[in-house]
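First, one chain by itself: the form predicted alone, in structure tokens.
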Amino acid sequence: MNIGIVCYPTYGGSGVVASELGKILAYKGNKVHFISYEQPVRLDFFSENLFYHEVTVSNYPLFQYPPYELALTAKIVEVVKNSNLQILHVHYAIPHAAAAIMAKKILKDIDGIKIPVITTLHGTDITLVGNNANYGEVISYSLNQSNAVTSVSESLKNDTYKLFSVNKNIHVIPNFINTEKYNRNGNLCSRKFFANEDEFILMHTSNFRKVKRIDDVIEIFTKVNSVKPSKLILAGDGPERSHIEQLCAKNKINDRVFFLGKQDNIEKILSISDVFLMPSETESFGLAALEAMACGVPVVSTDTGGQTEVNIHGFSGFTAKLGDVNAMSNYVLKIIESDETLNKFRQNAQYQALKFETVNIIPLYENLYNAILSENN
């Protein structure tokens, strides 16, 4: 197949999933063309089947904000025609689905080219945009005009139906994990750099935004550390980092907290951790939690969004009500109460992660591609 993928190039879940999907499809012999304003962070293009097309936006004095959606639409039209794309897979509704549908109509009306569009919903494109009524009709139209729509969880699928007027079936295809990369064997960095032998390591990774509730991470860690000597590793960066650094100093725990910034090989750090904390306000799936579980790290998370579809309460970790830091602290202590308990949760976490292995999920996309191409011929 000759496939176009439109995505954000950043460290966020949608960009990561799109990049990993494209790499696997290219490895299997498909030609994959990425369309974005920057090269996706997890991609290198030393492959005969991977291509990158940059969307450039011109700055005109007339515009206060550069018209990115128009530039993206034009680039999609160009790549479809010049590279003979057979199918277009866009990740994230805003603005990718709208641009793709506009490009689809232009190609059909002007050039007679029929390019099917698959839109994958990842979360905040629905849950945040859904709170802005100004975008409602545009999103609903874009989804309804897509040849297929997928979501990464049942929770997100239900939210989409609730927030938008979507009259077509939404296919649930969860995020996936490559357990050859994410595992506890051979990935270990030096644990002794972070903690003594009698200390536990708690970990959190995110884009440091308010929705991730990193204040709760700090509170949970403080409570756990008062009972069991521990260290906290924070990976990632974002607007809340300065506030969190100040909070650590205020709580006098800054000597027990490591701020590592953005990390490309996060599996090496996950593999030395004992518990992963994810007290987010909402997660449509929880890819970071899945990465931790694949590395044998049990997860303590909130029970919002799709997190309960990934993290099974009492098996791969625990889930708690939003903001209930006491419950989450107690769950962490329960996991690390003994070596036997911790090892059992580690095994269960890895077992649960196997359900989302690439060999189980990628064929779902391939089958959908083939079905849509058959309908489009």
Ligand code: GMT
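Numbers follow the displayed sequence, beginning with 1. Quick caveat, the model's predicted, so the values are computed rather than measured.
Another form exists, predicted in complex with this ligand; not displayed. Remarks below refer to it.
Peer 1: Thinking of Y182, A292 and Q347 as one candidate spot, does this ligand come within 4.5 Å of a heavy atom in every one of them in the predicted complex?
Peer 2: No, none of the three is in contact.
Peer 1: Using the partner position in the predicted complex, report whether T119 sits within 4.5 Å of this ligand, counting heavy atoms only.
Peer 2: Answer no; every heavy atom of T119 is more than 4.5 Å from this ligand in the predicted complex.
Peer 1: Can any non-hydrogen atom of F164 be found within 4.5 angstroms of this ligand in the predicted complex?
Peer 2: No - in the predicted complex, heavy atoms of F164 and this ligand never come within 4.5 Å of each other.
Peer 1: Might L21 be said to contact this ligand in the predicted complex, defining contact as any heavy atom within 4.5 Å?
Peer 2: No, no contact at 4.5 Å.
Peer 1: Using a 4.5 Å heavy atom cut-off, state whether L25 contacts this ligand in the predicted complex.
Peer 2: No, L25 sits far enough from this ligand in the predicted complex that none of its heavy atoms falls within 4.5 Å.
Peer 1: Select, from the options 213-221, 282-290, 235-243, 94-102, the stretch whose residues sit within 4.5 angstroms of this ligand in the predicted complex by heavy atom distance.
Peer 2: Answer to the contact question: 282-290.
Peer 1: Please tell me which of V275, L270, V152, I76 lies within 4.5 Å of this ligand in the predicted complex, judged by heavy atoms.
Peer 2: For this set of options, the contacting one is V152.
Peer 1: Looking at N175, T160, T302, S146 here, can you tell me which has any non-hydrogen atom within 4.5 angstroms of this ligand in the predicted complex?
Peer 2: If I apply the 4.5 Å criterion carefully, the residue I get is N175.
Peer 1: At a 4.5 angstroms cut-off on non-hydrogen atoms, which residues of 96-124 are near this ligand in the predicted complex? List them in order.
Peer 2: Contacts from 96-124: H122, G123, T124.
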